[in-house]
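Alright, two takes on the same chain below, each alone as C-alpha cells: structure 1 and structure 2.
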Structure 1
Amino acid sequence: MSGLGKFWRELQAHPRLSRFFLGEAPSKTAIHLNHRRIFIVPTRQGFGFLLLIVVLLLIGFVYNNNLTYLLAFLLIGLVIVTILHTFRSLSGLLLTLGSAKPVFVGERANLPLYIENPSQVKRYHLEVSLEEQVFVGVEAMSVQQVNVYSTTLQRGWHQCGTIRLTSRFPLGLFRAWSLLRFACPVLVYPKPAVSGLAFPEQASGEGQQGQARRGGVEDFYGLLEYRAGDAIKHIHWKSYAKAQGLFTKHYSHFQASALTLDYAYTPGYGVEERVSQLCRWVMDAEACGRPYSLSLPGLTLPPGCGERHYASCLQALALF
C-alpha cells in the first residue's frame, strides 16, 4: 500500500507528468491559458453520450436505418465540436492573483483572482476551486474578480496552493481544466495568545514610571504635526476639517511609557508559545495606543506606534 503511495508521489513529481498533476511552476506574473496549460477529458456524462452513440449505431445497423445512422453521426460530429468549444471556454484567459492582506494563523486568506477575457467570446460558468468552488462568468473584453480562500496553518509565508479553473461548457460532455500556481505568498502572522497576561512593564526601568502614571488621567500633551506612522485614532480631525493641516494628539505618558516587548523575557514554553504571546501584546498595545518596541534574537525594532510599526512588528514575528 505504501509502495503504491510512493509510486503515486513519484509519478506526480515526474518531470514530464508534474504539469498534469500539479500545474506549471508557480508564476509571478499573469498566467496566459494556452494549449500547454489546458487539459481536457470526457466527463462521466461524456462517456454516457459515447455509449448513446454506440447504441444509436447498433439500432441503425440492426434495422438498416440510414437516418438513425445519420443521427449517430451528427452526435459524433457534435462531440468533436464540443471538445473544441470546451477548450475555447478556457483558452486565451489571462489570470492574475492579487496580493492578499496578511492574516493570522487559522484565518483564511482572501486571495483576489482576476480573470481577464481579452477575446470577443463570453466565458460561461467557469468553476474556480481552491478549497471550495465558486462559479463565475466572464463577459467578452472584461475582467472579473473572484475571491478564493485559503486556510493558513503556519505562520510565515503561505503559498496558497494550486487553484483549479474548470469548464464544462457547453454540454458537459468534457471537462477542461487548468492548474494555476502563483508565486504570490500570503504573510501569515502568528496566532495571538489568549489575552489575560499583563504587559511586561517590569522588563525595563522606564516601565515603573509608566506603571505609576498608568492609573492617572491620561494628560493631553499637545498637538504635533502628523508624521507617518502616527495612529489614525489620534489624528486631530477637527483641525483637519478646518483645513489647518494634519495634526496628531499626543499624550504626556506616551513618551514615558513605551513598552519593551522582548522575546527573552516572554513567558511560555517553546518558540511558538512565546511568539504567540508577543503577538498578543503587540495587538493589545496597538489597540490602546501605547508605543512599543520589539526585540527578537537578532532583530530589534525601535519603539513606535501606528499601522506601519504594527505591521512590521507582526511581520517580524511571523517570519521569526
Structure 2
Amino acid sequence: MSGLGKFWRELQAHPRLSRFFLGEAPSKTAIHLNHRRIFIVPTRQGFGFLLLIVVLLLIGFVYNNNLTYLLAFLLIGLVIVTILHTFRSLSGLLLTLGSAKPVFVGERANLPLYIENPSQVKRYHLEVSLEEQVFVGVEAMSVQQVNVYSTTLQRGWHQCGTIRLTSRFPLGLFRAWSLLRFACPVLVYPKPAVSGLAFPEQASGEGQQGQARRGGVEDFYGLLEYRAGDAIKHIHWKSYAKAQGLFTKHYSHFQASALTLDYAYTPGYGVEERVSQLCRWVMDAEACGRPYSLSLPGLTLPPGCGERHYASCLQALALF
C-alpha cells in the first residue's frame, strides 16, 4: 500500500500538461524562472536544421563518407550549444508585475512588468507579449520595465491574463518561452453614460424647497444636448472629442447644496444603465466641485468632494 501511495505522489508531482499551455497558478509575488517554468521547442528554421543533420547522416551512412559524418557531428554539437544558450537567455530572471491605475470599461489597463537580471550576462532580444508584442533587452545586474496592456470589457476586478516571455537567442533555431500569471487584478470603473441628464435635484430634496433656477454661469448644473443658439463657450468639448455627441454645459445661480445620488431614483432599464448614469453624475459633480453622496443597496457614502471621495464612489460603483 505504501508503494502505491508513493507512486501516486510521484504521479502528482509530475509536470502537468496544462502547464505547457496555461503556466503555473497565478502568483502574488515575483516569479523566478527556472527549469520548471521554461519550455523549449525548435522553430521552423530549427526543424529545417535538424532535417539537414538527418540527411547528412544518411549520406555519410550510404557513401561511408567520414567528412560528411564530421560535418553532421559538428552541427549536432552546434544544436546542443544553441539549446543551452537559448535556455540560459531566460533562466534566472525575476519578473514582477506592478500595480496598475484603475480604468473605465473599454479602456486598456497599463500594467508595468519589471524584468530583473541578477546575472552578469546581458539578455538579448526578449519578447514580451500579452495583447501586443514588445521586444526588450536587459543589461547585466539591472532591472528593465516593460508596459503591457490589457483591454477591459466589464466593471469590477480585471485579471490581465497570461503574459508570454519568449527568446530565440542566439541563432533562432529554438524558441524558449515561459508563461507568467500574476494575481494582480486591476479595478475597472463603470463606463460613464453619454446622455447629458441633469443632476437629480428632486432626489436630493431641493425641489421641495422651492429653489428656482435662474440661468447663469456660476454653478455647474449638468450637460444637455446641444441646441442651435447655445453659446460656443459652453460646449463640452471633451465629449465631442471622444465622439460621444455634442453637449453644452448648463449653470445655475443659486448656491447648490450636496447632491444625493441614489441608485433607487436613477433612471435606467437595468443595473448597468443605472450604474453608468451614476458614474456620469459622480464625474460631473466632481468636475464642478459640488459635494455629493452616493447611495447604493447596502452601502451609503456620506456627502463629500475631492480625489479620495471621488475614488471611493467610483470603486463602490465598480464593485456593486
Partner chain sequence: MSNSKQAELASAQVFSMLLGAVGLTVLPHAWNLSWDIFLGFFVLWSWRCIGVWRPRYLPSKALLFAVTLLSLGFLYSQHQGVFGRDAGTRIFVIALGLKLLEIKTIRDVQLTVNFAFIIAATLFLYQQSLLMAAYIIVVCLSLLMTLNAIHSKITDVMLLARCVGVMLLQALPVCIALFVLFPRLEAPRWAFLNERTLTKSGLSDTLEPGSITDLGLSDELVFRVKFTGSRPPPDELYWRGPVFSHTDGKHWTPSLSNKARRHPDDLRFAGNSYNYTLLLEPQSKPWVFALDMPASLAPNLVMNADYQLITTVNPEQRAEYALRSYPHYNTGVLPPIEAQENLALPQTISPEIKNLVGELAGFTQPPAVFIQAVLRYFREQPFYYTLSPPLMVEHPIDTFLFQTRTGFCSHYATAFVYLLRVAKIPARVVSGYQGGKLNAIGEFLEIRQADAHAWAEVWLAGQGWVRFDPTAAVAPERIQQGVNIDMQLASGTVNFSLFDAAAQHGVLAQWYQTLRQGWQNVDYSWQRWVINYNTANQASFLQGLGMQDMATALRWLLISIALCTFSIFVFLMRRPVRVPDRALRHYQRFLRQLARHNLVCATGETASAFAQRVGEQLPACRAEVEQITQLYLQCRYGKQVEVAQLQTLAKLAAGFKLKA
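Residue indices: 1-based, along structure 1. Under this definition, the rigid core comprises the largest set of C-alpha atoms superposing within 1.5 Å between the forms. None of the values given here were measured: they were computed from a predicted structure.
- Query: Of these two, which one is the form predicted on its own?
  - Reply: Structure 2.
- Task: With both forms fitted on the core, give yes or no for whether the Cα of S293 moves by 2 angstroms or more between structure 1 and structure 2.
- Result: No, the C-alpha position differs by under 2 Å between structure 1 and structure 2.
- Core-aligned CA displacement of L67 at least 2 Å between structure 1 and structure 2: L67 C-alpha, core-superposed: shift of 2 Å or more.
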